[in-house]
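Before any questions on how it binds or moves, here is one chain, the form predicted on its own, in structure tokens.
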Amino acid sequence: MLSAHGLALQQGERGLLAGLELAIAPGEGWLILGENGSGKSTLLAALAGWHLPVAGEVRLDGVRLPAVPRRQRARQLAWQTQQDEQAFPQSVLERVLSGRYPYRTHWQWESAADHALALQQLARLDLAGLAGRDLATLSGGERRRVAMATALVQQADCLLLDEPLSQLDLRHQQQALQVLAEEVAGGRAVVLVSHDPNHARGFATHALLLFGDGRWLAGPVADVLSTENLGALYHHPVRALQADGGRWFVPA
């Protein structure tokens, strides 16, 4: 579905990533981990077509991303950015309905089906009672969930989510992970940037580690997420605890 070939990324004079080879297929959940400034958000922007790589290319269904018409791209890729920007007063429902733009013609109003879909996604993220609220009145965690609902309403084949669980409390983190697991089970691809390797337990089939100096490591979760790899990634010892039939990673 979405692939990177020889991808190299840079910010200023600093090389973040070199020679990335990545293939994201339907029904896969990818967790991207790395220290602050390692290039996680930059990579997501490149996969979405908003950041130009210094080398290599991104392809969508085998077609170079710049050659894919924007409307078609928006129907296949949904990108939740790290910042919840709000340029003007807007209700929660209005923001979520913006995810339906790729399916509307100019000056066309949202349909009853669009409204029903938006309300359904809000309910999945425990936001059903906030549809009429102004976004400016919400907490940071509530706005992150509104942004995720907007991405879900887009009904794209692949979700690119930049730290969607930041500012969420424990209950809403687990709720959001369950929603993403349902999307993966339904055949969508989900790519999620996080700072917590334990988020893999909720939805991930694969992991990508970015070391911030060009190096990277990608593959199935069982192969990539280890105490050795995570210790090297975060420059701090990590140990694994066995509980509930799985591993939990904690600082050593």
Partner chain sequence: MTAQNATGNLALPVRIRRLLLLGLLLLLAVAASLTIGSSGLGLSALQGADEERRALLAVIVDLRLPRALAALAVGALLALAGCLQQLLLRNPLADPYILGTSGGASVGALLALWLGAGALLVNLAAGLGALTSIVVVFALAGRDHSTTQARLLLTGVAVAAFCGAVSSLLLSLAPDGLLRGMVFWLLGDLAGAGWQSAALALAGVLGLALWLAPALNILGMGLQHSYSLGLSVHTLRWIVYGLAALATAAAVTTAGMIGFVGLIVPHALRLWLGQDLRVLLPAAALGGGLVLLLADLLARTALAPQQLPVGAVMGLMGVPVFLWLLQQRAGRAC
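Residue numbers count along the first chain shown, from 1. Quick caveat, the model's predicted, so the values are computed rather than measured.
If you look for the form predicted in complex with the partner chain, you will not find it shown, but the lines that follow are about it.
> May I ask you to state whether residue 141 is within 4.5 Å of the partner chain in the model of the complex, using heavy atom distances?
Flag for residue 141 set to no.
> I'd like to know whether residue 136 contacts the partner chain in the model of the complex, with contact meaning heavy atoms within 4.5 angstroms.
Residue 136: contacts the partner chain in the model of the complex.
> Though only this chain appears here, would residue 49 touch the partner chain in the model of the complex if you measure heavy atom gaps against 4.5 Å?
So residue 49 counts as contacting the partner chain.
> Just to confirm, residue 172 within 4.5 Å of the partner chain in the model of the complex by heavy atoms?
Contact with the partner chain, no.
> Identify whether the partner chain in the model of the complex is within 4.5 Å of every residue in the set 33, 166 and 194, based on non-hydrogen atoms.
No, none of 33, 166 and 194 comes within 4.5 Å of the partner chain in the model of the complex.
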